[in-house]
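In the block that follows, a single chain appears as structure tokens, in the form predicted on its own.
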Amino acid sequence: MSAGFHIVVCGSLVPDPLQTLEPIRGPQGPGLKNEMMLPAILDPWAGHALFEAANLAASGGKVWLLSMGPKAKLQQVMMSVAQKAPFELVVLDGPAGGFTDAHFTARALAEAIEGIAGLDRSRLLLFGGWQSASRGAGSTLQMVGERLGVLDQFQGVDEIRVQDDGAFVVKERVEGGGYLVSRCAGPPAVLGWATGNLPEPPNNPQLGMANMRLIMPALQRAEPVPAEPGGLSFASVELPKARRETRLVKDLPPAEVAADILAWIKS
């Protein structure tokens, strides 16, 4: 019954987590030192959402990957992502850093989704990362759904099971290592993915070449989305300071250890 799903995955690029990230204040506001020179990858949370979307649509349906970021960097990232899953790319040429206002990002993404040709909103599943390695506000995807009028929203999703009648069961993470299991009658719905249940697919060069035939034209016609003037502002940006105080003690009761830690935190 997944043949009718139209799945839009929201995901952008982020700096490779193996790189050292140093915040600086530039002429356009806060950013990262040598940001355009840093190697980039698809946001890991968005990657899980894309793999789950491709698996769900394997028997039919269609997947769009909607990404906002500098299109020169997106082109580099898409050359590897294109080998992982089949999708049609929708590009917005705009900022991709972690200092972008979530409201501005949500508005731009919602307007882009409304402009996707052939998208049936009654069959829409909006996928994305529960969190983000750059825009970690935890609210962007929710606001996109609200702007589109999609009220059935699930966050921290690890599994979706489609039923014979077109409904689906969703497992959401909750505190204490448990899951909240919900049944949704059908689309439209918003699902913010955690890690899901699927491994990263192997590279498929043939799939990559097929995707790139659509990706390159999409990058060329990407609409510019300049940063919103007078939006979110930051008083300062800096790396967290390391602090270490060590005491070596023996045979101290756990209650006293906890009391010492609490006193240190309060100080």
Partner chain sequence: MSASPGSRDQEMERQSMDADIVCVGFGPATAGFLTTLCRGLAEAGAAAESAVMPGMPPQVLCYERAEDIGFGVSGVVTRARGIRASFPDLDLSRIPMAAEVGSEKVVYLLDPVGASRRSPALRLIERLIPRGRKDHAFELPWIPSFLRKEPGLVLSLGQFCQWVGGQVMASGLAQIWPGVPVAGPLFADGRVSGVRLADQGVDRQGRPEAGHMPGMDLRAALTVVGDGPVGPVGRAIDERLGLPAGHHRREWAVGMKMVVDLPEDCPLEPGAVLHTLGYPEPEIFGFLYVYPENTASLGIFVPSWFDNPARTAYRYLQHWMLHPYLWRYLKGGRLRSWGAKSLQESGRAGEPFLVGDGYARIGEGSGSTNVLTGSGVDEAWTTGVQLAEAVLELMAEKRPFSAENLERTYVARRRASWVEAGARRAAKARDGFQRGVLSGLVGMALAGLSGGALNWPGRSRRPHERIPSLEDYCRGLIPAEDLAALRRECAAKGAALHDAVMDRLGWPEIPFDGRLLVSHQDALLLGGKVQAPAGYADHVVFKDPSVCAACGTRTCVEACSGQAITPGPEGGAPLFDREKCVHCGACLWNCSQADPDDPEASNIEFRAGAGGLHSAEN
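Under this definition, the rigid core comprises the largest set of C-alpha atoms superposing within 1.5 Å between the forms. Positions refer to the first chain, counted from 1. Everything numeric here is computed off the predicted structure, so don't read it as measured data.
Although not depicted, the form predicted in complex with its partner chain is the subject of the following passage.
Using a 4.5 Å heavy atom cut-off, state whether K33 contacts its partner chain in the predicted bound form.
K33: contacts its partner chain in the predicted bound form.
My question is simply whether V91 lines the interface with its partner chain in the predicted bound form - judged by any non-hydrogen atom within 4.5 Å.
Taking the distances in the predicted bound form, the answer for V91 is no, it never comes within 4.5 Å of its partner chain.
R213 near its partner chain in the predicted bound form, any heavy atom under 4.5 Å?
Answer yes; at least one heavy atom of R213 falls within 4.5 Å of its partner chain in the predicted bound form.
Interface membership of G208, its partner chain in the predicted bound form, 4.5 Å heavy atom rule:
G208: yes, in contact with its partner chain in the predicted bound form.
Neighbours of its partner chain in the predicted bound form among 183-207 [non-hydrogen atom within 4.5 angstroms]
Result: P202, N203, N204, P205, Q206.
C-alpha of L18 off by 2 Å or more between this form and the one not shown on rigid core:
Moves: no, less than 2 Å.
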